[in-house]
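Just one chain is shown here, as structure tokens, and it is the form predicted alone.
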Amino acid sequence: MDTQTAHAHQQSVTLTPEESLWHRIDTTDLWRTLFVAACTIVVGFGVTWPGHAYPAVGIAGLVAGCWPIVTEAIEDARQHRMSMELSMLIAIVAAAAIGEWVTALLVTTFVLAAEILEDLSMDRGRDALTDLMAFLPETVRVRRGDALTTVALADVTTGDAVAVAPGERIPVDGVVVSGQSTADQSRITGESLPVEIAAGSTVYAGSINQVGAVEIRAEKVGADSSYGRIIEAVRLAQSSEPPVQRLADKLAARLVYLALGGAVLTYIVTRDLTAAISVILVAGACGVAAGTPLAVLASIARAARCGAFVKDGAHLEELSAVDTVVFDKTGTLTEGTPRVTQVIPASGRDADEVVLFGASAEYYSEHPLGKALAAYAKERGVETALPEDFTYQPGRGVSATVDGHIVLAGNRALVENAPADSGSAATSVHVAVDGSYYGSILLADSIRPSAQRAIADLHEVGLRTLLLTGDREQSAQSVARQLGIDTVRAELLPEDKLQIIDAEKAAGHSLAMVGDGVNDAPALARANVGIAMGSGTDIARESADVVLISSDLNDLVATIRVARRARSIVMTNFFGTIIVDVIGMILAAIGILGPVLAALVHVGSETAFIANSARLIPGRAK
């Protein structure tokens, strides 16, 4: 069946996930197929009035059954495109012309039934999209002043406070501003266990709020939300034509030409028109033409269930062929925010004393290190004091008066009597009080919990890993050692990253680049496949071909596995079709396969290859 026509046909039918199998079948298609099947049985039992040459029932069956086939064949001919509909129409007309009415009717029945099967398979692939689109509520409660007002989801804007009761679906991407609960984010992130959420927690549209009421400040709504992007990605998958699909179209056309050429050659050699028609009937490229878009659609839906959305089928095909995964460090392999790793008090000093003065001095600081110190003091239960005479010295640190003491907190350029840094990857904040060195606080960017497992899994599937970062060599090497990354390049400018990516591609490598920041956007666009962290900047997400919604690197591994499996299934369909068709045409040419058996082989192989692609369809979400 012509793929574009199948898409158009399916998009004209509105379905819901609850509809039964029979409701999914177009009534006209079903009755047409049953009518042609009945005509086949009647003619098969010898009812050939008014004569064997032109049985009325047979002619009526062919006219009714061939109408959609003729329509598609004419459209293909207008576009100078060879299709299976055109080749099958030729075979049906030829069979009728030599008086093989039962064969012509039976082949027509098989073709119509195969199109229904293909439509049903594509429907199952679209079920993921249908589920997604039907999942969000139509109306939500938004706080207006002191009252909650019910509005349409489409009317929610960024900054609105949305109230979500227990058991309700979270309608927007945002941050919890009040309340505590757990959220089922399995549809969005692939995380099977509920996630604890409280004030400050990020939540995603399409999650289910479970045990407590929460209010969420909307940050992304509608098509801009993670949920809306998934829907758009799956929708685009229906119309995208990846390189593997173009290959499928070319293969299908060549198989048709091969079948027609084989039929002509068979007739020239054998003078047996029945054998020549059987050669045409046995060639089945529909399994490839229909199985490939089904595999692409199902794979993108499955990737969405894994916590990633792929923007186009072409990117999925590219991802299946990468041999190297390139990572940015900060915000990608690491959380992107520093945390205190160790407090080293000077001799005779207490660790809490060092934290008290250091965090108090940094109380008003907007620097990430200062914020990390303040957060650590709170976690440790150390009561800080409000500083006086706060002064920030760029590149050095801060000075302040705390409870009458002059406190310095910064690097050795500020705290000159501090000991030399140990040479570790951590950043040292030295603390001095009234000119006396009190101790040092070490801070480092923490590695993402998912990073180590993800890198190990990438190596397990045979992929090479490369770290490109603008950070210090020492810090980059430390992260690489902890994660087991193969190659490290540090202290790079954005243009340096581009040069390395170009050199890797010139050396024959296919690259997936994973990043999160503005400085990563050029590299994301230059790599074969750009992959952005969901927590990254807008420009990084826009430049990327794939977005990891929850920024979980395990989702990257799952998506690569889905892409590879899709490619494997598509290639199996390719070579399987070639083998079946070549063997079938040889058997038909020497008379072993008659027209009926040839048609059975055609339909059987098409069904098998569509079913093979359908294995990628994800299970229905509960």
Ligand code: ADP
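Numbering starts at 1 and follows the sequence shown. We call the rigid core whatever largest set of C-alpha positions still superposes within 1.5 Å between the two forms. Owing to the predicted nature of the structure, the values given are computational and were not obtained by experimental measurement.
The following text describes the form predicted together with adenosine-5'-diphosphate (ADP), which does not appear among the structures shown.
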Exercise for the section: Decide whether residue 257 counts as a contact residue for adenosine-5'-diphosphate (ADP) in the predicted complex under a heavy atom distance cut-off of 4.5 Å. Expected result: no
Exercise for the section: Would you please decide whether residue 439 lies within 4.5 angstroms of adenosine-5'-diphosphate (ADP) in the predicted complex, comparing each non-hydrogen atom pair? Expected result: no
Practice task
Answer yes if any heavy atom of residue 328 is within 4.5 Å of a heavy atom of adenosine-5'-diphosphate (ADP) in the predicted complex; otherwise answer no.
Solution key: yes
Handout entry: Non-hydrogen atom contact residue 283 with adenosine-5'-diphosphate (ADP) in the predicted complex at 4.5 angstroms
Key = no
Fill in the blank from the handout: Here the chain appears without its partner; judged in the predicted complex, the stretch of 426-434, 201-209, 480-488, 504-512 with heavy atoms within 4.5 Å of adenosine-5'-diphosphate (ADP) is 426-434
Completion exercise
Students should find that, of 106, 398, 216, 197, the residue having a non-hydrogen atom no more than 4.5 angstroms from adenosine-5'-diphosphate (ADP) in the predicted complex is 398
Fill in the blank from the handout: In this chain shown alone, the residue from 410, 174, 291, 307 with a heavy atom within 4.5 Å of adenosine-5'-diphosphate (ADP) in the predicted complex is 410
Practice task
Go through 43-70 residue by residue and record those having a heavy atom within 4.5 Å of adenosine-5'-diphosphate (ADP) in the predicted complex; state none if no residue qualifies.
Solution key: none
Problem - residue 163: Cα shift of 2 Å or greater between this form and the one not shown (core-aligned) - result: no
Practice task
Using a rigid core alignment, state whether the CA of residue 460 is displaced by 2 Å or more between this form and the one not shown.
Solution key: no
